[in-house]
Structures are given as C-alpha cells and as structure tokens.
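Here we start with a single chain on its own, the form predicted alone, put down as structure tokens.
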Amino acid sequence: MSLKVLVIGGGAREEAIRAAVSKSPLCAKVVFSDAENPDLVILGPEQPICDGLADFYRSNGIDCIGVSKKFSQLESSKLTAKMFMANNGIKCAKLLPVEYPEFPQVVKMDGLCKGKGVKVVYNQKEKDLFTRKISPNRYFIEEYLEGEELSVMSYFYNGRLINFKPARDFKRLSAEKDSPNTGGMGAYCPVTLSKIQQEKLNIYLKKLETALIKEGADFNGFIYSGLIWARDDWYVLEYNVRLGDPECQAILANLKNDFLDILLNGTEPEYKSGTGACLTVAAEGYPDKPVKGDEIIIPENDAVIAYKSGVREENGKLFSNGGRVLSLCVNAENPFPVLKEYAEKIVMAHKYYRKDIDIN
C-alpha cells in the first residue's frame, strides 16, 4: 500500500501531521488539494469537521480520518457534550445557575471558540466583563474545579479506542491566574501519573470507549479529552474532536512508530525515551491584537523542528501573520531549556513565548 495523503488545515499541528505521515512507507506522497485525487484525507481543524467534511469524503468513497458531523457536537456544543457525559456516567463539572453568587466559577461559551471561550471568574465584575465580551453567544456557568489538568488524545478506530500517552498543555498566556486563555503556549508528553491516577484514567477511557460504541459512533477519528484531577478522580472539562494544538506536536515528537500505520491499521503507539515538547512562539499582543508583519529568521538546528502557523512567505522571506506564529518541537530528556534557548535565537521583532513553562 502506498497512498496519496491530503491533510486539511494550515496550522502548525497540520504541518506536524504532514511531516509524520510523509515519513511512513505507506505514504507515496503528501498532496495539497482534492485535484490531486488523494487516497486518504486527514482532517486537522475543528471547523471542517463540524461542517461535516468527513461525512462528505466518506460518502464519495474517499477514506477519511475525521469525526462525523453528528459526533462533532461533542466539541461544537458543550451542552451536548454535557448530556453525552451524563448519559454515560462520565464525571464532569456541575452546571450552575447563571446568577450563582459564589466564586470562583467558570463561564463557558457554548460553541466553537478556538480555546478562548472559557474563563475562570473570581468576582461579579470579572463575570460581567467576560459575558459581555462573548455576547451574543450562548454561554453557561460551571462549578470551578482545581487540580492538575491533562490532555488525552484518543483515536477511535473500527469501534475501539486507541489512546496516546497523556500530554499536558499550557493554555494561559502567562503564569498569572487572570491571564487570558490562548490556543496553547506549549505542551509536553508523556505526563507522569501516580498509580491511582493511571488506574482512574484507564477506567475513564474504557467508559468513553463504551459510550461511543453505545451511541453508534461510526467513524475513524480523533477525540480529545481535556481532564482535571479533582476529588481523587478525573473529571472532563471539555471534548474536542481533533488532535490538540500544541499537544499533537508534543505527542508526535515523542512517538516512535509509524503514525500513518496507527491510523490505517490500528497499531498501538510506541514511544521514544525522553519527553516530546512543544513551545509556542507568538506575536506580542496575542491573543487579542497580535502584531503582524515582522520578518522572521529561523536558525538551523538538527534537533529542534520549527513548524509554521501564523506565517506568510513573500519573495523568499518569512513574516509573522497571526497570533501563534511558530511551534518549536523537540524530544529530549530535558526539552524546555533546549526550546527556550532556540526561541531566543529566532529573529522576530515582536516575539513572545513563555519563559516559565517546564515539565511539572
């Protein structure tokens, strides 16, 4: 088997997927449009998945890795996800009345929000400011859970769940508790869990698999579980129907065996020693008003890979063109010092990256 593979999406996550797929002996060529008649399509971002693109390809006889439109509501409607969890005995934060008086609490926009539609609010003023910001979108209020967060990427393949090692991402722009949420400022994989945490994670993942089968999931695609360790168990904070960004880059950096073989044949993932990590280089002003137009010069380095996201090319030069500009990835025993040293050498006038993040 030697396939032409099309990866939908233009971000750093999709660049990492293309790089992983292109290394596979199962891949003849990575193509960049439908006009090249792909044998397999892998969907990256949430919008085309939630628009039903996976269903479209499959109905036209083209193999596609992507969640169906029906099950994409696990991401596109957080209230639908709440009902899915309630119907299947999966623990999550309790819904609260909109006028609930005790703080902190969590305000969540019900819909696709690219990781920026959630905020922990500590008083009524913060709550009013954020709800006005996301208006007129529908939102709801959840109880605040405090604990270690975990990102678990799973691949639903022919009626069973294949789980990648857990990752941890850094959502806030900085370490400050009132710092805005972003699409992700960095991630690493694997995360070391205690015995009880791993046992409880196994129980949760089996529940998720059972729930998907019971509710008739009929796709090969990714499910992202955003979890938090609270009250001596894992609670679901959110579902996505795609690989995380930047968790995907960290997982693929640590993955030892053939990623495309996993997708096509359901092979269990194997891992390198050390830790896969990703550090996001963003533009100053991100997430609200990122500075654009800086020329970027990326130094050569055999160990670190720089995947491009918010970048445009003009006359052979690179310029910043978005909020998250680059994903720097490496697999090493102590990866973040390596990534921060490399980030410092990148020429970009208004660059920003978190200097505090590390394996924890």
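Quick note: we count residues from 1 along the sequence shown, nothing fancier. Values in this document were obtained by computation on a predicted structure and should not be read as measured data.
Omitted here: the form predicted in complex with a small molecule. The next part is about that form.
- Taking non-hydrogen atoms only, K171 approaches the small molecule to within 4.5 angstroms in the predicted complex.
- At the 4.5 Å threshold, heavy atoms of E126 stay clear of the small molecule in the predicted complex, well away from it.
- Proximity of E209 to the small molecule in the predicted complex falls outside the 4.5 Å heavy atom cutoff.
- Not displayed here, the small molecule is kept clear of A217 by more than 4.5 Å at the level of heavy atoms in the predicted complex.
- Only one of L255, V191, L201, V120 lies close to the small molecule in the predicted complex, with a heavy atom inside 4.5 Å, and it is V120.
- Site annotation in the predicted complex: the residue of L145, I90, L264, L112 reaching within 4.5 Å of the small molecule with a heavy atom is L145.
- Heavy atoms within 4.5 Å of the small molecule in the predicted complex are found in exactly one of 283 to 291, 193 to 201, 145 to 153, 265 to 273, that being 145 to 153.
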